Structures are given as C-alpha cells and as structure tokens.
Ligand code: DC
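Have a look below at one chain only, the form predicted alone, in structure tokens format.
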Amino acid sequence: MAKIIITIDGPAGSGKSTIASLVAQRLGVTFLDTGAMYRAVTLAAMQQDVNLADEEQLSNVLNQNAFEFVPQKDTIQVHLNDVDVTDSIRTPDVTANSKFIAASPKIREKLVKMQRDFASTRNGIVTEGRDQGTVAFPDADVKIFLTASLEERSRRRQNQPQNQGGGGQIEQIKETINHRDACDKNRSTGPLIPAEDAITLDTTNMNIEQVVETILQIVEEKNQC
C-alpha cells in the first residue's frame, strides 16, 4: 500500500483511540495517538506546578522539556525528559487537566507541527483526535468522524480501567462528557467538527470489529478510485 494518512476524529468515548490503533495494525501502518501528546504536555505542566490557564507558561513547558513519542504495536510510548511516562499520562488528574492544553492556540499549533513531522517520517499513519481531519491533516486520504450517543459513550468510559480515567457513577460521567463536548465544540482553535469530506460513523450499535471492518472497507474503496 502506498503511503496513506487516515484521520479518525470524534468526541470523548467514541472509541477513536481503540479503533485507530486496530485499523493501523490491520493496514501495517503507524498509529498516532494525539491525545498522548496533549496529556504529556499536561503532565509536564503539572509536574512543574505552572498555571494551567496561562498560555505563556504552557508554551514554555512545551519548549523547555523533551518529549518523545515512540510507536509500539498497538499504542504509543511516551517519554518526558527521557523518562517513560506512558502510564503516568493516563491518570484521572491528567485527563481532567488536559482541557487547558487543548484550549491553548499556541500549544495546539506547535503540537500540530509535531504531528505533521511525525507523519512525514512514516510510511503511513492512522491518527486520531478532534481536529485531525480539519486542521492537522486537511489533505488526508481518508477522513472518518466517529460518534455515538451520550449514553453509549458514557457506558464505554465507565467500563474503562480506573487508570484510564474510567469508573465512577454513570450520571457523573455523562456530565463530564457533556462538559467536554461543549468545550471541544466551542473552542476557537481546532473545534470538534467533522471535516466537510469526512465520513461520519455512528457507532452506538456497532461493536469494535464492525467499526474496524467498515473503515477498512472505506479505505479499500478509496484505493480503488
């Protein structure tokens, strides 16, 4: 297969990370977990006790620390100043605070450049996030926008292991996701919207394998054009 870029965007709990990883494995290309990038910057900022609402301080955190993202078979290994923080970036506190990083135009601009640089060194990528098809890779070969009902997304998040930010009461999780959706859709930089040429998949009543197979079929049809 020729070099290909596939973007999978969607709201919290839509399953984009799991799906993107599996699609990448099936195609034999690299999985890019952009959420890990935002979480890594969040962790660094928390460790340095900076004001998460201060964009200048956040920009300094990104510039003054060394971030490395190493693709693995089904995930991405994250190093912060040569320390493996792959597990540390998945704690509930980091998850909750990553919204500050996502809302920073300066940080998003720099991370988008990192994402494009990452892609330029690979034979192909499947990348997931909230603005991959609209901002990071507007010329991607295939763009997918995953969605699901709030109830289903909340159920999925509840069933995640605790160190992934899961667990908790379903109503509380719904409230958290609702708030995250509002923030993502209304931010001025890289808002959560489907790209005009994205294919939207409602995964509410689909299992993981069905979603993966649907996307692979879309990719195959695209390659035949």
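If you're wondering where the values come from, they're calculated on a predicted model, not measured in any experiment. All residue numbers are counted from 1 along the displayed sequence.
FYI, the form predicted together with ligand DC isn't displayed, but the following is about it.
Against ligand DC in the predicted complex, the set Gly15, Ser154 and Asn178 makes no contact: no member has a heavy atom within 4.5 Å. Of the candidate stretches 49-57, 22-30, 184-192, 62-70, only 184-192 contains residues with a heavy atom within 4.5 Å of ligand DC in the predicted complex. For Lys99, a non-hydrogen atom is located within 4.5 Å of ligand DC in the predicted complex, even though that partner is not displayed. Ligand DC in the predicted complex is not approached by Lys143, whose heavy atoms all lie more than 4.5 angstroms from it. In the predicted complex, none of the heavy atoms of Lys174 sits within 4.5 Å of a heavy atom of ligand DC.
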